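Take a look at this single chain, the form predicted on its own, given in structure tokens.
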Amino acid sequence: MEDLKAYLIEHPFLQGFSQHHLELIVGCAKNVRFDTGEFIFKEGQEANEFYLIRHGKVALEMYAAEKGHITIQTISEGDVLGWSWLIPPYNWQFDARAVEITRAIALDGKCLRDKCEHDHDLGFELLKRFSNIVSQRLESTRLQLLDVYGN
């Protein structure tokens, strides 16, 4: 548990959180590993976690008829993977596939949603930070679609 806490404190996404909130967050965390080519999640599946990438690369993809899988964005160490756990109906909006061996901290979304219901300051801080991620991913999607269909 101390190793997880030490990593969480250093991760850019969680910098500036209070000790109290970090203690709440670490209670929902676990280490995970994905092999090259392994899907971490697929569009439409239930979204119950998000990931703080420690090492490796992950491609965010969407499927388009006649074009197949289109990579929207590739994320790596220090990035956050997944925001669908926060917004009902809690289903993944994209596919995520490990491009290389990837190690991450998985955070249980149900666990965090419960903690946010009891600590609104934690919920508000997470929502502010995830709003930036959602905005960035939507912009990447828009640019990728312009590239794919604009030619």
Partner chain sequence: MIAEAMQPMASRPFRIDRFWKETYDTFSMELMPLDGHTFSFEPGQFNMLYVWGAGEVPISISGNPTKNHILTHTVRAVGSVTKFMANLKKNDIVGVRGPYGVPWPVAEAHGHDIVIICGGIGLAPLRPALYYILHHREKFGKILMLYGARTPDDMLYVKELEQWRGRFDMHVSVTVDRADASWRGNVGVVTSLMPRFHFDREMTIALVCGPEIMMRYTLLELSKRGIMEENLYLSMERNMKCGIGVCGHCQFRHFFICKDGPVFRYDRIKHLMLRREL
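Residue numbers count along the first chain shown, from 1. Small disclaimer: the values here were computed from a predicted structure and weren't measured. Throughout, rigid core stands for the largest set of C-alpha atoms superposing within 1.5 Å between the two forms.
Beyond the structure shown, there is the form predicted together with the partner chain, which is absent from this document and is the topic of what follows.
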Is every one of T36, I70 and L143 within 4.5 Å of the partner chain in the predicted bound form, counting heavy atoms?
yes
Heavy atoms within 4.5 Å of the partner chain in the predicted bound form: which of the stretches 62-70, 22-30, 105-113, 87-95 has them?
62-70
Partner contact for R54 in the predicted bound form: the partner chain, 4.5 angstroms, heavy atom
no
Report whether the minimum heavy atom distance between E139 and the partner chain in the predicted bound form is within 4.5 Å.
yes
According to a 4.5 angstroms non-hydrogen atom cut-off, is D147 in contact with the partner chain in the predicted bound form?
yes
Given a core-based superposition, decide whether the C-alpha of R142 shifts by 2 Å or more between the shown form and the other one.
yes
